[in-house]
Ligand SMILES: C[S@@+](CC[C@H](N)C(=O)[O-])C[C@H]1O[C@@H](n2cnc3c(N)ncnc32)[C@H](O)[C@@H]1O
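First comes one chain, alone, set out as structure tokens in the form predicted on its own.
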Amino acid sequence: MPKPREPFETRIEGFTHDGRGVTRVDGKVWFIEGALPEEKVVVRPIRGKRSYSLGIAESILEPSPSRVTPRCGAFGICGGCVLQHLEYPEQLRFKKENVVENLKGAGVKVPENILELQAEPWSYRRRARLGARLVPKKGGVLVGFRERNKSFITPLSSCPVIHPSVDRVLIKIKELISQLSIPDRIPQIEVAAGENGTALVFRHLLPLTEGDRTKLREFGAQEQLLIYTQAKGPETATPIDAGTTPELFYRLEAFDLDISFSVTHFIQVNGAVNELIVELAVDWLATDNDSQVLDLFCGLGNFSLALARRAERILGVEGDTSLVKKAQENAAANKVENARFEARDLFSDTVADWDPGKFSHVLVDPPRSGAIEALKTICTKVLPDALAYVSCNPATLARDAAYLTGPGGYQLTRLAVADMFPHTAHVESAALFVRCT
């Protein structure tokens, strides 16, 4: 067994769900950052636990045929991406295997033909949170994503995955913050890009001076960006030019929909892949003018409004009241009259007592924690003919699919893996469940 902190050579045997190489040394499991399966590497240990240890691939002695040169110079330090060293088709295969292994591990029968949804894997991030920190020893203000497994900021002069409108001004954002009166009290900048512009939301822990606001306003005008300030929680995000700042929106062309959103609202990071998933879910559910559709975790109407184009009635349910209000506004703006939205906590104990009524189709798009309690209500009270499940976590998808295909009384008939976050280990998937007869 190598001594702690002493580098050693090993052969990588596999891959973890979060994109680290796996090997065994004298019976102990090691998780190795920056290593790919089948590679021979020199490992620098970084931390040891009783049942496993962590290390970094210090050098690659025998590279994998799938290894490529990362496009970003900060790769390996920045926590934004973990798979840029793996050629893109292999990234998709890795993510598909992750979903399939989780489902099979939960005892769920997986369809033979699994679809892959993908789009341009670069410059796709229309939502992001950049960290900022004044570190005089490192040259002043740092702006970028957090370092991998650390709270430090990776200073970025460019980023190949972020929206181009932000990538081109990363250095300028650093310079801007350096000129403010409180450069050490701007901890983050939220990024939100829509069809009609890009917004930067500057979080500030102390009040801004009039001089600060002038600098922010001039920066926005010069770079053609929408500038917001945020003194406290998300609800305090305010445009620097109140009354003249347009509301952002993204378009779902196949359904003739413009979906408006606040700069702090949740929207899917990858617009192109989101549109593919919406089209797929609507196609799978195969609704018609007689269909009654229930959309759980509906957000600001991403799926609901698309489904409303091909159904008699839609009920969208969401726990965040601000999203419910925005969904209602989006329905009105798009002249969608057959969609209704209501606020309900779908994780509370009261879900078991909730009876939403009868619906022929259900769509579920939950957060990472899944939707098991809501699904129990659906399977005992709603009993839809078909249920589409959009997931951002293979583990909770597998758990929920095991319930649906077991006591729930449904069969998994279709499965798709969508690369919402290229070059990261995150994987989005969609599954269609049909009620057994």
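These numbers come from a predicted model, not from an experiment. For every residue, the number given is its place in the sequence shown, counted from 1.
Keep in mind that the form predicted together with the named molecule is not shown, yet the notes after this line are about it.
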Pick from Phe249, Tyr88, Trp354, Phe347: which residue has any heavy atom within 4.5 angstroms of the named molecule in the predicted complex? Phe347
Heavy atom within 4.5 Å of the named molecule in the predicted complex, from candidates Gly299, Gly144, Gly271, Gly194, belongs to Gly299
Would Asp320 show up as a contact with the named molecule in the predicted complex if we use heavy atoms at 4.5 Å? yes
Does any part of Phe266 reach within 4.5 Å of the named molecule in the predicted complex? Heavy atoms only, please. yes
Indicate whether the named molecule has at least one heavy atom within 4.5 Å of a heavy atom of Tyr228 in the predicted complex. no
Using heavy atoms and a 4.5 Å limit, would one call Pro121 a contact residue for the named molecule in the predicted complex? no
Location of the named molecule contact in the predicted complex, chosen stretch of 291-299, 158-166, 132-140, 94-102 [non-hydrogen atom, 4.5 Å]: 291-299
Between 355-372 and the named molecule in the predicted complex, list the residues on our side with a heavy atom within 4.5 Å. Asp365, Pro366, Pro367
